[in-house]
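So this first bit is one chain, no partners, the form predicted alone, shown in structure tokens.
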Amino acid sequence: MLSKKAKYAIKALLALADQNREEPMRIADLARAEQIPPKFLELILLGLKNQGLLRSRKGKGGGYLLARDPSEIYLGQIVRMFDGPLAPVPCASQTAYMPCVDCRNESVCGVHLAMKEVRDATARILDGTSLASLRTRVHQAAFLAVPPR
């Protein structure tokens, strides 16, 4: 399951991707627009900045901006940053592999084989989805959405 940190990070990055690349967004404005608790958002943004995905400006007119083009930021990187490996079990992980103590032979273990497929499919989707492509899908969905009555 996606953590709130990862979910809020994606929401914040999408909102920043909609901004003018040279116009920073204040934490308070971003928190209000995306309905994210401001203190929690502050920690998330600091983590994203430390990973080189964001940069910040101080002072009047300051705030956060994307440090890279949205086409160069992938959901897989964001999810791994906040939630760790994508595999549901350690024996199926590429980055945090650990053998199961209760498994005699993982090459014929049904759990391992199934969870490896889950990991591969998840990685394929997340590592193949850039912020730019997701933003395009969001805009298309908003355009096609029927306004509520």
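Keep in mind the model is a prediction, meaning the values are calculated, not measured. Start at 1 and count along the sequence shown; that's the residue number.
The form predicted in complex with a further copy of the same chain is left out here; the points below concern that form.
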- Query: Is Thr122 close to a further copy of the same chain in the model of the complex, meaning a heavy atom pair under 4.5 Å apart or at it?
  - Reply: yes
- Message: in the model of the complex, is there a heavy atom of a further copy of the same chain that lies within 4.5 Å of any heavy atom of Lys7, even though the partner is absent here?
- Response: yes
- a further copy of the same chain contact at Leu75 in the model of the complex, heavy atom, 4.5 Å: yes
- Using a 4.5 Å heavy atom cut-off, state whether Ala28 contacts a further copy of the same chain in the model of the complex. no
- Message: Looking at Leu46, Met81, Leu65, Val118 here, can you tell me which has any non-hydrogen atom within 4.5 angstroms of a further copy of the same chain in the model of the complex?
- Response: Val118
- Task: Consider the chain as shown here, without its partner, and state which of Gly110, Pro38, Gly61, Gly52 has a heavy atom within 4.5 Å of a further copy of the same chain in the model of the complex.
- Result: Gly110
- Message: So if I measure heavy atom distances to a further copy of the same chain in the model of the complex, which of the stretches 52-60, 85-93, 38-46, 65-73 falls within 4.5 Å?
- Response: 85-93
- Query: From first to last in sequence, which residues of 1-22 have any non-hydrogen atom within 4.5 angstroms of a further copy of the same chain in the model of the complex?
  - Reply: Met1, Leu2, Lys7, Tyr8, Ile10, Lys11, Leu14
